[in-house]
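As structure tokens, one chain now follows by itself in the form predicted alone.
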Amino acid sequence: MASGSYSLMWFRKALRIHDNPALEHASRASSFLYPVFVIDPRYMDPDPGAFSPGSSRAGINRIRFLLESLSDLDSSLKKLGSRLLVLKGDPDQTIIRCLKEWNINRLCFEYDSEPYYQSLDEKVKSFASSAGVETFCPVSHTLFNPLEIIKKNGGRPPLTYQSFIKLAEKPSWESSELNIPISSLPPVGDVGSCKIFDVPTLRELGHSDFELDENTPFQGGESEGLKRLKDVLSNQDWVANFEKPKGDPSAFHKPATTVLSPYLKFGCLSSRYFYQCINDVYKDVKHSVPPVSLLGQLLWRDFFYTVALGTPNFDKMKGNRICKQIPWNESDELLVAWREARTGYPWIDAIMVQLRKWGWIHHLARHCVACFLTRGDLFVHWEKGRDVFERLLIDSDWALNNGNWLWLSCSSFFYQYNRIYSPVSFGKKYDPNGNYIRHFLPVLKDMPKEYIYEPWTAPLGVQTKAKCIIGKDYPKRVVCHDSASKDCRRKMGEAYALNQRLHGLVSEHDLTNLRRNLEEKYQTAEMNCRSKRQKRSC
């Protein structure tokens, strides 16, 4: 190969042209630029054994969103005189092969704190170092460098939002111009014997039998992300007054939030550029403030990224020093009923249908179904719910998904386990007519509104007229919320007491004993209830 500067830009999540320091560095003073994306079989290959269409790691909606994002990126690169080079295989081995084959002397990619990418990057960086390849790996997926925050805190991540804010202060780039237009890129060099693909379709990846009666309304890509951002910013009053957790979780034709999370997840939209845009709105108007403001939500994102990076086993209960050890039940029957929208609670089931069909649900809807599965009603392990969200959400993000499940199960961060979302009254206050339920659960579309949230209370005549017999057309409740939530509170109380008594050093043996004690108490309570009922009937 002829002499010159050969740069490889390895796209993973920074699927954008704007505010992309790795891409800017790769194109600077380069004779040839190789923009590469590797189709990872771990993420993309079909898995016929999974509970929903998709791969072993991702549902079909997220794979589609990624492919749309790649197509949009390829289109943008072509306008700049380049193109996206799609390869297939194990990412680390594929990138190392490209470095050798193309005689690359500069490798650029965005820093990623997720454990999977940390492992990949270590292997690739090690090879690059030994081969004399310059490596440039800037932090641009988050507002702050999580490693710097952890260093400021004495080598441990801050475990509260406020302590994080105090340590983080202001981003170093806050006053910089981030969205610098790129007018052209260096040409792509000779690819040698490497097999290059176009961005594949779902069918070409083997997902040919997939059909949905209602597809996700959210299209992937930088162009769509910037368009959505522009639409959000056009309503300055809404941006200024945004407060989480406010918002209507039942609004689906026009969601009551930005729906920018999937674009941030894949890096189609720069969180740093979003941050600057919000601040531009804030300059001229009175606005809400962190932690509830829109800007505060970006800071929450960075907080979870930082804690996740600095906490070993962050995605597990065992071996996770910030996670309370709780004797969750391992009921696959209850998990499947929740996952497949068969709990018998229309509000919960409608949310789970929207999740499966759209790959997205409002943050308050996420709170409701996560609470119901764990500490609210079913007492199923949060890791099982996390796995379902990880698969089905188009915005599933390793740090945020695990952080939110730790929070909502009251395993970490948030400990007021007595505050439980009602699977009946919470949705009703936003949508008393049940329009959200009628849309996502059409079997209940003719149920009168006074029974739509509790169809098991409808007289048989009403059920017959609505063409929905409970136990036949729509399932019976898997639990009675009133008694189940009381039981969950009692279990959480005893688990908290055990964790406090043992200073968090709870062994598997301790959990087994606690689980046995809780079951014995439950059986005793049930026997006492039966005895009282029998005496009353005499």
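The structure presented is a predicted model; accordingly, all values stated were derived computationally and were not measured. Start at 1 and count along the sequence shown; that's the residue number.
The next section is about a form of this same protein that is not shown, the form predicted together with the DNA.
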Which of 102 to 110, 75 to 83, 409 to 417, 280 to 288 has heavy atoms within 4.5 Å of the DNA in the predicted bound form?
-> 409 to 417
Would Leu87 sit within 4.5 Å of the DNA in the predicted bound form, counting heavy atoms only?
-> no
Though only this chain appears here, would Tyr453 touch the DNA in the predicted bound form if you measure heavy atom gaps against 4.5 Å?
-> no
Is there a heavy atom of Phe51 no more than 4.5 Å from a heavy atom of the DNA in the predicted bound form?
-> no
Contact test in the predicted bound form: Gln162 vs the DNA, heavy atoms, 4.5 Å | yes
Note: exactly one of His439, His363, Lys465, Lys227 sits with a heavy atom within 4.5 Å of the DNA in the predicted bound form, namely His363
So which of His367, Arg272, Lys384, Arg356 reaches within 4.5 angstroms of the DNA in the predicted bound form, heavy atom to heavy atom?
-> His367
Applying a 4.5 angstroms cut-off on non-hydrogen atoms, the residues of 420 to 453 near the DNA in the predicted bound form are Ile420, Tyr421, Ser422, Ser425, Phe426, Lys429
